[in-house]
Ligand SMILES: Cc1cc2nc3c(=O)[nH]c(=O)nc-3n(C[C@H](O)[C@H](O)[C@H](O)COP(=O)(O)OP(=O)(O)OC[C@H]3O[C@@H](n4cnc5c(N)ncnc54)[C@H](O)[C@@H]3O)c2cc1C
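Take a look at this single chain, the form predicted alone, given in structure tokens.
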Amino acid sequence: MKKELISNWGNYPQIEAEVFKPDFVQEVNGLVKKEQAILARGNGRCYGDVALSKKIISTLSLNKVLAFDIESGIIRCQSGILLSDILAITVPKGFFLPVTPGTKFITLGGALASDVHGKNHHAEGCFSNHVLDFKLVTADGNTLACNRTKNAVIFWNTVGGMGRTGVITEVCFQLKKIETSYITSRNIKVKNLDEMLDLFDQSGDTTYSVAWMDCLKKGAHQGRGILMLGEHATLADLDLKKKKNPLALPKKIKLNVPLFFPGWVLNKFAVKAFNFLFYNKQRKKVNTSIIDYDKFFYPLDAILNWNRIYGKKGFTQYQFVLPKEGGKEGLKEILDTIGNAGEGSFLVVLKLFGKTEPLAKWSFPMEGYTLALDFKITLDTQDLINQLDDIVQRYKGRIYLSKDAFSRRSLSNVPTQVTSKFTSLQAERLGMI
């Protein structure tokens, strides 16, 4: 089989791999049984070196809806279906994803393997909180049905397990009932990190909360940004025009970045200019509006191939979580370190995590604050990540393996023992196999 050059959304690292593209689940069973080491891969929208292996099973052709109960909102799909396709089917019927990350272009299997979180973790937990059962092809090539009582150990080891327990082939989960496809959004202009964290705590009853932050601002305005709060809009919230089709799907994407930007385009001065404009475009302290769900949940999906703005060398996303106790001090130290390094990020996202499921030991979240930042790959990237890792470790935090390409194993919560049959570049780098 001819090898392909593959990478994830950060375009770093790139590796050559044999990519198998089965059309039927039975082919997956045969491949796993035959190959000594192999890994499932979805749409490649994670970051870093996750889901990169010498031999890969692409699940993208396993993309069928197997059952959808429009009364209960329970849906069963093959693992290679994209969240965008699930939304296109379920939103017009009055249902939405219970948890969604910042892009809808990931696969359902990837959502489970990463146990994705969203803007509602403080209120509704991770994706796994809403999963009823799934099927998994294990290392012996057999299919195993798993839920919280049947094969429960495998169930919880698969949740957030990054594909190392087997190949997820189908998932059944509970959707959320909605009246409209719109979100009531309230944006609050925040002067610094202290005010931001206070507002997060005061907004604990709001279903969705997320903040953009200016990571380069120092002094009294360190951590300034925009806190974005949201709720699913009801019919009563809509104007007459929107009420004519309250479950309308958002308009399709039109923008595209056709080429990789030159490496010099994204620098500290460009990030400072962007941060100034983004922060000051909102003139009032509070701005309330009703917007479609794409604009609230997936703003970056509006630009196809936006990852190319970082240039051919690519970028890495660094996401960590710190427990609430000491979290504010840790965030300030992280922002100081980034500012001193001059490696600014204009995509800086802060969220609040709530209580977590004790049995989901491989999942990333813990109760506290999570911050995600994008850094262009340079000769200094590894040194910066090392400094950030030291801070995160000192404050008893952890990093998100779905984004990682540089961190040490001590920052993850992954157990030492993993199934070596399902190997990956990340597992090799972190010394887990």
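In case it trips you up, residue 1 is the first one in the sequence shown, and so on. Fair warning: this is a prediction, and the values are worked out from it, not measured in the lab.
What comes next is about the form predicted in complex with this ligand, which is not displayed.
*Asks:* If we take heavy atoms and a 4.5 Å cut-off, which stretch out of 165-173, 337-345, 233-241, 254-262 is in contact with this ligand in the predicted complex?
*Replies:* One stretch meets the cut-off, namely 165-173.
*Asks:* Just checking whether residue 79 would be counted as a contact of this ligand in the predicted complex - the rule being heavy atoms within 4.5 angstroms.
*Replies:* Flag for residue 79 set to yes.
*Asks:* Is there a heavy atom of residue 116 lying 4.5 Å or less from a heavy atom of this ligand in the predicted complex?
*Replies:* Flag for residue 116 set to yes.
*Asks:* Would you classify residue 59 as touching this ligand in the predicted complex, given a 4.5 Å non-hydrogen atom cut-off?
*Replies:* It does: once this ligand is placed as it appears in the predicted complex, residue 59 has a heavy atom within 4.5 Å of it.
*Asks:* Examine residue 311 and determine whether its closest non-hydrogen atom to this ligand in the predicted complex is within 4.5 angstroms.
*Replies:* Although this ligand is absent here, residue 311 would stay clear of it in the predicted complex, with no heavy atoms inside 4.5 Å.
*Asks:* Ok, 399, 51, 373, 405: which has a heavy atom sitting within 4.5 Å of this ligand in the predicted complex?
*Replies:* Contact with this ligand in the predicted complex is made by 51 alone.
*Asks:* Sort through 107, 128, 316, 180 and report the residue having a heavy atom within 4.5 Å of this ligand in the predicted complex.
*Replies:* Of 107, 128, 316, 180, the residue with a heavy atom within 4.5 Å of this ligand in the predicted complex is 107.
*Asks:* Is it the case in the predicted complex that 40, 43 and 46 each bring at least one heavy atom within 4.5 Å of this ligand?
*Replies:* Yes: each residue has a heavy atom within 4.5 Å of the partner.
*Asks:* Need the contact residues for 205-226: heavy atom within 4.5 Å of this ligand in the predicted complex, sequence order, or none if there are none.
*Replies:* Heavy-atom contacts within 4.5 Å come from no residue here.
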